[in-house]
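Only one chain is included here, represented as structure tokens and corresponding to the form predicted alone.
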């Protein structure tokens, strides 16, 4: 696609690169093609960039905008709170109101602690697990993302497969090399490997942490019985089971993936959707573990913990999502499932190899001939060039997607939005098929 369609975005990006490393505030955003876009407004399911181009939005701020942009229920709550006070560093009633809602909605939540970022919530959960068990090591899975701190940015998306899946691989230059010593890494969806590792090393392992749906790697789902197997083995070996529900929480079900799959972890972390786009994260879990904070044995501090603006948004959003036993989340799932089914049908008609993983609220497109994917290494077989061409073509058709192929759906996406999106997909796939046929004819004539 010609960059000439985005002259203002291109100009702003050139300026940003002089002032901000990479020109973006989170490096993953640099992957947008042809370059990162700049936006001037957003409402519901729609975006408008600084060049006046309009889009249907399936990025949703990388997931948080569960109700769509500027939902009136959330905006009214935030406006009311802004007139009262913005931050106190002290107690207010919204802390209790939101904590009560989360404890009603989330199966594992006997108590909750508030923070501002997903990374911060994960670090608190792991600190609690180490204190509670008296052990020091973390067991995580290849391809799972739990934030950018040194002790968890390990074997997230290691390049290639030259190393074994059990070898901890740092994700960044500058990480402390000693962080690798406190981490065990395993392939996901492999209970025998987990059981063997726990049998040998459980006396050192404080926590097993997992994304219950692997949204950060192709939205892979757990194989039947896998999460229950994690629960069983964690209990057997006295290890704290932590579900990283930063993405899945309040998105795939009112109580998150633990409700969807009927598996209760000891601790869980939440972010993104919990405050419908405002910065809030949560650790929820068993009282006997959370009490280590109350007793002062585990430190949890932060000026913006329990921020009233974020909690006002969360109070309104959670009330909206919990109404009628999660009717709005069921609606999101139906919309997403319609998209997944329709995209799959259009790919089949065009003869384009495509595998769609995930659930309706969050799913991923892999341009691959594989019939299934179970772990990070199997996800590496996708055709990234085809994925990138598809995302750029969809942008040209007025559909804004994340650069790695993940889709998020909100309550603001209507049936008309779904139909329009599927029409765009059909057109893009037809052009892909026609271009491929032209290339074949040229090859034959040559």
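Everything numeric in this text was worked out from a predicted model, so none of it was measured. Positions refer to the first chain, counted from 1.
One more form of this protein exists, namely the form predicted in complex with a small molecule; it is left out here, but the text below deals with it.
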Can we say 119, 145 and 216 each have a non-hydrogen atom within 4.5 Å of the small molecule in the model of the complex?
yes
Sort through 190-198, 225-233, 87-95, 239-247 and report the only stretch with a non-hydrogen atom within 4.5 Å of the small molecule in the model of the complex.
239-247
So, residue 364 and the small molecule: in the model of the complex, are they within 4.5 Å at any heavy atom pair?
no
My question is simply whether residue 272 lines the interface with the small molecule in the model of the complex - judged by any non-hydrogen atom within 4.5 Å.
yes
